[in-house]
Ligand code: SPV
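Here's a solo chain for you in structure tokens, the form predicted alone.
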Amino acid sequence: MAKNFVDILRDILDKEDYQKLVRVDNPQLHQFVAQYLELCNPAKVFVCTDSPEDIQFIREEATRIGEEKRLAIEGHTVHFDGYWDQARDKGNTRFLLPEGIDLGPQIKATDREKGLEEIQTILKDIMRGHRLYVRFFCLGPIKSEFTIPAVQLTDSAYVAHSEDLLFRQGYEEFLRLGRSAQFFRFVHSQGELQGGVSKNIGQRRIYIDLEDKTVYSTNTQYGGNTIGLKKLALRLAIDKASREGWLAEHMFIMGVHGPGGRVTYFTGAFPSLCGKTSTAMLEKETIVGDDIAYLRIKDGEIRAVNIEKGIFGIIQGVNSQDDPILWKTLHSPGQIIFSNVLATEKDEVYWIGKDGEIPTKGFNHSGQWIPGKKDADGNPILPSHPNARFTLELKLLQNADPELDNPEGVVIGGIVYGGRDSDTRVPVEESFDWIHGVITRGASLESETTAATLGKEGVRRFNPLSNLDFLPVPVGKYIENHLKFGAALKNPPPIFSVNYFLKDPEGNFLNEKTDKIIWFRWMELRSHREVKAIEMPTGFIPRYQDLRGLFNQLLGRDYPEEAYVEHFTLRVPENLGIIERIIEIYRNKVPDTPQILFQVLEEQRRRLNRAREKYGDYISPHKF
């Protein structure tokens, strides 16, 4: 007769770990853990509570078994993923859907029954010789209506350590909730290792089962594929939010500091490597979170929480001039994990864009490295990977916002969408209203691809609300959810777009990195209607005199009128191009598109054509 799950736990776990687990009065939890202990067949198991001793054990394990290496600065370690395991694997990331369920052509899915059979086969004995870590976390602040409990099974101490820095501990919350805990579940194994990295990349799979609220990740180490509580949990949360009437978004939350000590909180959605973390980290402002936000309506207002307590951020380009707060933190004692950077003989790290000269040798994701090294295909290997990362707790940052752990969240005064756009959108613009913003800023978002995902860089890619990769609901329904969310608000906050990547005809960026603080301070003033704006066919833009004052006040430099004209010229052909591309996508690939989307885009097209008839293709802001 087959063992029941209690017998399995008692046979596999030692007495201490068994007691830790069964203290949680939740049979669903016990059954889930027992199922994968038996299937994955680990050599050892460690059940981690919230105690400092248990958490310290995880951290020490990561260095003891070589998944991380200590660096010269106290608390700093470095981790390397395999050469071919350096980004989110979108091709092998799929939803498992029952027969008859179709999320649309933009969303990768596979038959649930077949997918479960495949992943169970891959997981069979995959942890032989490994230690399995059982982890408990909370997505969101403790004891909050926003919060979702989660349990992670992983055989990677690096993943477990990373999650300690990124998420709030949840064992005590599981004890408190007991049988009422409706939790997300994550099963990860790095699989067989060769040279310390995942060997069987051909069996790399990231499957999301919406029915059982379970994420499976196999034969991979890269954090975006393995730290399940980040983007993988976001997929589960979007599905849950869609059913319950709130929003789970790929957004930062930051406090922008206005006149008289006022703080206005903004959320913002940007694709990877588009300045999302650096925006959330702006000097003079405060950060609540840099990646994922849950938004709910309370008393007619939007309130939002950061589901994390840390950052898993892209490190390329971080330097002392543009990122002074982060730079200081990355060079101070404290728990920080660097991944896929260059480690030098002095146990220091170098990344692309860091101050100083490139070291002449070191160790990186390709092994021993020297300048000029190439891979087997003849491609040059840079000193660090363009998608190299750092992981740290927000509390290490001097600009961490005091409301970070507020269970009530923060009131949102503005929403921002941004992407990589070299030739069309102006640096900052406000939409006419909520519907116009959701459709022309969010649903129409395009961005050039980057090194954060596998595939070719520099391709203009449709990415509605910067969340296409993570949607478990049809795109049309997702947009409709946003429209309904705004309709339930007493006074919806303004929706803006920003573009840091506008270039001149020679390919030079028109803005400096530090200029983004100007755009956000202007948005803060607009959210309180303390400055006027110029109405263009595509939205509201700043007046020159307001921006000039902000440049002088905040950056101590002049803002020439010629620069303003170059930045805010209305590029009619390019804007019409966006509309053509977006309408074609929604007409041909999104069958459930709300009709209002086409109406709003057609109205914008008519406004642009009227302006072109009057002023030509490229129109100075002074014409309006």
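Bear in mind the structure is a predicted one, so any value in this text is a computation, not a measurement. Position 1 is the first residue in the sequence shown; the rest follow in order.
The following text describes the form predicted in complex with this ligand, which does not appear among the structures shown.
- The closest non-hydrogen atom of Trp522 lies beyond 4.5 Å of this ligand in the predicted bound form.
- The closest heavy atom approach of Asp291 to this ligand in the predicted bound form falls within 4.5 Å.
- This ligand is not shown here, but in the predicted bound form it comes within 4.5 Å of a heavy atom of Ser272.
- Proximity of Pro464 to this ligand in the predicted bound form: non-hydrogen atoms within 4.5 Å are absent; the residue sits far from the partner.
- Only one of 168-176, 494-502, 224-232, 134-142 lies within 4.5 Å of this ligand in the predicted bound form by heavy atoms, and it is 224-232.
- Scanning Arg389, Arg425, His365, His161 against this ligand in the predicted bound form with a 4.5 Å heavy atom cut-off leaves one residue, Arg389.
- This chain appears without its partner; in the predicted bound form, the one residue of His436, Arg204, Arg420, Arg88 with a heavy atom within 4.5 Å of this ligand is Arg88.
- Contacts of stretch 93-116 with this ligand in the predicted bound form, defined by any heavy atom lying within 4.5 Å, are made by none of its residues.
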